[in-house]
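In the structure tokens that follow, the same protein chain appears in two forms, which are kept apart as structure 1 and structure 2.
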Structure 1
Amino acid sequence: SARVFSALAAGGVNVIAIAQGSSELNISFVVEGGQTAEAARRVHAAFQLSKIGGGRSPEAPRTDVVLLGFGRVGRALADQLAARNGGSRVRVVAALDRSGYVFDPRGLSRQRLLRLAQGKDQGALLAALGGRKAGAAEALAFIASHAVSRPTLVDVTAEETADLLHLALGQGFDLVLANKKPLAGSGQSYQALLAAAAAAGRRIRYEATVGAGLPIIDTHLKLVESGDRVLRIDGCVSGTLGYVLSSVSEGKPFSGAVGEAVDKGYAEPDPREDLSGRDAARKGLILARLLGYAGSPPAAEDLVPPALRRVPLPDFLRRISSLDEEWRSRVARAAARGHVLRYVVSATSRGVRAHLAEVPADSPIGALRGTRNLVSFTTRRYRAEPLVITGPGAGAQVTAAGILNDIQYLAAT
């Protein structure tokens, strides 16, 4: 009955009289004649009576997660969620990849998720692992036709998914993004996505877009909520570039450092996506938009020479060793001045910059090693000594943990 009357109250429906017997299986109530249709719509929506499997009244609402993408991060997240099923109201009900989807409205068991992950590790696609062939839009429409509970779409792709996200919002999904591209396009597309969420009464969370599992977005939110004003955000936000540049500073050949980053899963299979600086620039743009920046996306400093940017990947990997001597010289010149090379992002309300910089070797940024990120907040309160957050900035497990934090927040509120 609480679910019925909460739905009616949310719609402004005035209940004149109520009658309920000893059983909770039936209830009668009286409303004004002019509110009859709205009362019926509200009750139908509350119990999802128009959807497959609707009408159930669970003891407590669950949050049903749909994974858009089932790569390394998606599989790590699925395992983390499944491991919590005993004490969590969050469950994975579907996973999508480019071939199709796997869906069970009761939730995908940890055993099934493990089998799917093993199949993906061996190169199989979901459609060949017991799933259905379908495009992502068709898959979401089918899932939304079922009585899923508080559905949340988690985008762990690296694709241009803005159109699909708009569809998902219209179908009642909240969004959790690890994919930066929907938030780092034109200002118009960014504002359109936020407006679509507001119009649909849905929420968007995107902590993992900037610092993997580090609480960068959350820190900004808490600073603002406390009455502080963030003036600028600076730091190293690419675990891949951090790994490569700290490795060459320690004497490794540039080609070897890039190869190791790919082998360890820190870089994309085509490392030029990371070496271009575009990924770091997208993170900087997301941070700048938090500060009110309304300009166009920045042009990142590309670490790949123009002659190698468009050649086929095998050619690039074969020729990358030709860059080793140039990078050795760069490192030596910086070291002679007591500096090291780092890829730095700076964001303010007026602009964004993503570039290779020499920094003092004994500075907090210069001391970074491996995939560690560092982000500093200069605010009205932290002006003389900025607030610094540092920690691992790459890897499937830490990124999945950041996504999980966003999901748990939505499930709890």
Structure 2
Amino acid sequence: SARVFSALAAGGVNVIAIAQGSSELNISFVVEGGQTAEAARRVHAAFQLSKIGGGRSPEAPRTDVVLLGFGRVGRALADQLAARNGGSRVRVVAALDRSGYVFDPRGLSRQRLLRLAQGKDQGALLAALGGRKAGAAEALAFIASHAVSRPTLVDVTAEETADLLHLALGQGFDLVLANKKPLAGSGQSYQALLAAAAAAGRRIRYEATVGAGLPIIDTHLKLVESGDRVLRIDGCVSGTLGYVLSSVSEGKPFSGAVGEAVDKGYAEPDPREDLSGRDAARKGLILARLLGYAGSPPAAEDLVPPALRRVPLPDFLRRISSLDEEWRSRVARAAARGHVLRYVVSATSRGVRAHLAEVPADSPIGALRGTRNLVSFTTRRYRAEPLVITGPGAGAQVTAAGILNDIQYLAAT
């Protein structure tokens, strides 16, 4: 019994009641409902039962990945994880969508994941592809009640998932996020998530939230770890806005550039989501919070004039060409000064700005084309010449690769 209770104490699990018979072979105890999964895992680990089905613990424990979301990025990630399964100690045990979940505690094979992805490509729901119908909270509770090993929840939705993430932390999951929303709400909700992770002894990684697969958050961590101090982070972090603004700088009408961004799948079906600057501002906020900013989310400069913000989408698309002339003259005025227009976010410990800026055409930001992102770090060491990271800032494959790095980091440490 000493082994059981020291394992529980080490995991911060509070024991409410104990009943022990005359035999050493059985013991019953009561813990809070929310701590049962963690308690089971701690006891299994103490008695080397953490390997599913019992028996000795493997030398290096497995990391069991649960995908919260099985859309474009979730499917690309599942394939990248499954492709490297030989010898890897990371495997996908479950995938969730809005309808329900598919779970196999022994790991979902690459063939199974491929079939699920094909089914989703054709518009089917996981609940109808051999899965179970359930809400995400119910699915997580069911998965956590199994002896999953080092469970890691990957949030690849685009929803407000903070409540689910709190639940998952309580059930012993580490978190990897591509979804910005849980990190870009009020200062209070952001701090609450970090505090919940710390209290549960869990970790949160979120490289893919800014710059997709580019190593932005990782670079910040490495700069800080090496004793540097990051003073500000500036950049172009919206592939859609980058595409639209570099196209208008090259002479394309604004309406045509926006239409192309939608057709090529860079923009949301309603491009005002991107043109509002809200998504770029969320990324700026995540960066500012890395620098210690504790305030509320910033207001972004909206590229859609107020009169067109609330009209139905077809009306907006019909009337967008009325903006072309204004954009043409803005671009011409900037060009006369040797400048181009770019949507820039600037993050410091004091705040965030997300706005349309005129930058020299021959500067690194001015030279950006298409959907490429660029992020520059001004630090104590990189002061006169900032450290710059640039490259593709969107796309399911590169985003999945960024997530994979986070998963590997958690699995290895």
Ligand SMILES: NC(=O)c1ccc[n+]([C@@H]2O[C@H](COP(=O)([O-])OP(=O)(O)OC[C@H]3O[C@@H](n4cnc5c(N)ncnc54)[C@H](OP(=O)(O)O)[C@@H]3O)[C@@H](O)[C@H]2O)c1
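Residue numbering: structure 1 sequence, from 1. From a predicted model like this one, the values you see are computed outputs, not experimental measurements. Here, rigid core means the biggest group of C-alpha atoms that superpose within 1.5 Å across both forms.
Of the two forms shown, the one predicted in complex with the named molecule is structure 2, not structure 1. The rigid-core alignment places the CA of R98 less than 2 Å apart between structure 1 and structure 2. With the core held fixed, A37 shows a CA shift of 2 Å or greater between structure 1 and structure 2. Core-superposed comparison between structure 1 and structure 2: the Cα of L313 travels 2 Å or more. When the core is overlaid, the C-alpha of R328 ends up 3.6 Å from its other position between structure 1 and structure 2.
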